[in-house]
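As structure tokens, one chain now follows by itself in the form predicted on its own.
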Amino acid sequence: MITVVGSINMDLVVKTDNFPKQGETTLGTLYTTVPGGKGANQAVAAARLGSAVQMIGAVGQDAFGTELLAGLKNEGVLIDQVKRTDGTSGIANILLSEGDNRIIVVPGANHSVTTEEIDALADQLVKSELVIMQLEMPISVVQRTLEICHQNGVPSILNPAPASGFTTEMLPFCTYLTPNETEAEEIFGENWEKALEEFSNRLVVTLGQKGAQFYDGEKHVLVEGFPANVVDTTGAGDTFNGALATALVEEKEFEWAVRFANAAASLSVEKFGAQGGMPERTAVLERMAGDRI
């Protein structure tokens, strides 16, 4: 069982031909709402690839909350440990243009989760094969979750997004750290490749269409990405993390796990919505051109 401790949002998506400049008003070409939140996205990605997944988080007592829980349940994600709180569910305002995105997140119910609640769910964490976290939850909750996993030998993936919430105190406790290139630079500085050498087979930096890079203890390894017909990049990183978790739980060799995650992420950008393009296992294996699990 993979446990995801993380955010659950409704994405409010607007497409436009050009991003507005400061003070400028532009016309949009589409508006829609789709389920999102980095935690929920990663849970759905892992579930579609065949993993058993449970979610720990919170939604509001609003229509979005009801819809978000129904969506997770429909994907096969266990939602028994998702609480409902007074107030609104988290939302993400996503602006799309020319295959790129700009995102503003309003945490809402996601920030109602407490360390005391995490302590009460420690048995759920300890029984997990792997725990995934991001930084759209209160930082104290992430830190406490990491500590429980570390103390009990449970592997964890920390996806440090947004990186502004990352603290160096988290590093000794997470098994794997998965920033993108921008986040890696914010955490480790311009010479983030040196950090790969310090955290061999633990730190993997995603590089968009170029793939992902890590250090295997002897050399730097660039695992190349896969060509994709990009429609919407929202959720690509979340797909990568869900797929990486799936492969690691199945005890795959690390480089193969990263390649599997690259393939899944490349497929995810070919459809609209953070979760809309998340692939099933068969499609990922086909893109990997004959590799087998």
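Residues carry their position along the shown sequence, with the first being 1. Please read all numbers here as calculations on a predicted model, not as lab measurements.
Missing here is the form predicted together with a small molecule; even so, the following discussion is about that form.
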* Heavy atom contact within 4.5 Å of the small molecule in the predicted complex, the stretch among 85-93, 132-140, 207-215, 188-196 -> 207-215
* To do: Flag T175 as yes or no: does it have a non-hydrogen atom within 4.5 angstroms of any non-hydrogen atom of the small molecule in the predicted complex?
  => no
* **V230: touches the small molecule in the predicted complex, heavy atom cutoff 4.5 angstroms** => yes
* Does the small molecule get within 4.5 angstroms of any non-hydrogen atom of F226 in the predicted complex? -> yes
* S51 within 4.5 Å of the small molecule in the predicted complex, heavy atoms -> no
* Site test, A236, S266 and V269 vs the small molecule in the predicted complex, non-hydrogen atom cutoff 4.5 Å -> yes
* Structure fact -> Checked Q81, S97, N180, N201 for heavy atoms within 4.5 Å of the small molecule in the predicted complex; positive is N180
